[in-house]
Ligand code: DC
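Just one chain follows, in the form predicted on its own, and it is written as structure tokens.
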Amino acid sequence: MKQPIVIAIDGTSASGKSTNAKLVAKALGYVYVDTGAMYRTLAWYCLQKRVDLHDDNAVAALCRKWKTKLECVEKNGLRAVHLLVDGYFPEKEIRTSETTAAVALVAQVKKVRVWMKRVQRDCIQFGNLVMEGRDIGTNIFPETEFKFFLDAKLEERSARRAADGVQENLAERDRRDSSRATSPLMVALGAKVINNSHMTSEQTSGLLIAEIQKRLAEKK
């Protein structure tokens, strides 16, 4: 049986990973996976259960015990994987400022990242994927031939966050993501780096799609 294709899109915060991954997935008819949403879901759940986010063992223990399930849903022509908790996907709750502040602490816990890797690799059950995050090409699917890394100038990324009504210290987030001991944010071996500081989403996704189609044609 032919192995599903995984398009790995990594990058810094507010580099356009989500927007472009969705555009690419929709254009190719692939399933979209937002791995950041999975970490956000755990962060939200930790807040619900009043777990001390600075206690790595407590966060890891909750991650071991929570009842989750992967589900593939279709909305507006886009198929996407959701991580359900007790049968529920907290779509709005994981985007609050409180959850945003908590997610970096949860994401640096080693046992959490081990759990997430297993679950994220399980997404392959839904077929060809466009998966976005911070360690897809380096850790989750290092074997894929389709690796991309999106970036933009800090000022541009901060402006994008502000336009979305989100206040976040991106310089500090970058530092945390790049310096954590487990699966730090870095450019994967063989990844195509795209700096989209002065590009629209359509231009960025167009570049990605053209490169993917070129590589797919070469594989035939």
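Counting begins at 1, following the sequence as shown. What you see is a predicted model; the values in this text were computed from it and never measured.
Quick note: we don't show the form predicted in complex with 2'-deoxycytidine-5'-monophosphate, though the next part is all about it.
*Asks:* Counting only non-hydrogen atoms and a 4.5 angstroms cut-off, does residue 160 reach 2'-deoxycytidine-5'-monophosphate in the predicted bound form?
*Replies:* No, residue 160 stays farther than 4.5 Å from 2'-deoxycytidine-5'-monophosphate in the predicted bound form.
*Asks:* Contact with 2'-deoxycytidine-5'-monophosphate in the predicted bound form for residue 117, defined as at least one heavy atom pair within 4.5 Å: yes or no?
*Replies:* Judged by the heavy-atom cut-off of 4.5 Å, residue 117 is well away from 2'-deoxycytidine-5'-monophosphate in the predicted bound form.
*Asks:* Evaluate residue 113 for contact with 2'-deoxycytidine-5'-monophosphate in the predicted bound form, applying a 4.5 angstroms cut-off between non-hydrogen atoms, and reply yes or no.
*Replies:* The answer is yes: residue 113 has a heavy atom within 4.5 Å of 2'-deoxycytidine-5'-monophosphate.
*Asks:* Tell me, yes or no, whether residue 107 is in contact with 2'-deoxycytidine-5'-monophosphate in the predicted bound form, where a contact means a heavy atom of each within 4.5 Å.
*Replies:* Yes, residue 107 sits close enough to 2'-deoxycytidine-5'-monophosphate in the predicted bound form that at least one of its heavy atoms falls within 4.5 Å.
*Asks:* Do all of 103, 177 and 180 end up near 2'-deoxycytidine-5'-monophosphate in the predicted bound form, with near meaning a heavy atom within 4.5 Å?
*Replies:* Answer is yes for this spot.
*Asks:* Want to guess which of 151 to 159, 58 to 66, 33 to 41, 191 to 199 is within 4.5 Å of 2'-deoxycytidine-5'-monophosphate in the predicted bound form, heavy atoms only?
*Replies:* Result of the contact check: 33 to 41.
*Asks:* Check each residue of 195 to 220 against 2'-deoxycytidine-5'-monophosphate in the predicted bound form and list those with a heavy atom within 4.5 Å, in sequence order.
*Replies:* If the 4.5 Å heavy-atom criterion is applied to 2'-deoxycytidine-5'-monophosphate in the predicted bound form, 195 to 220 yields nothing.
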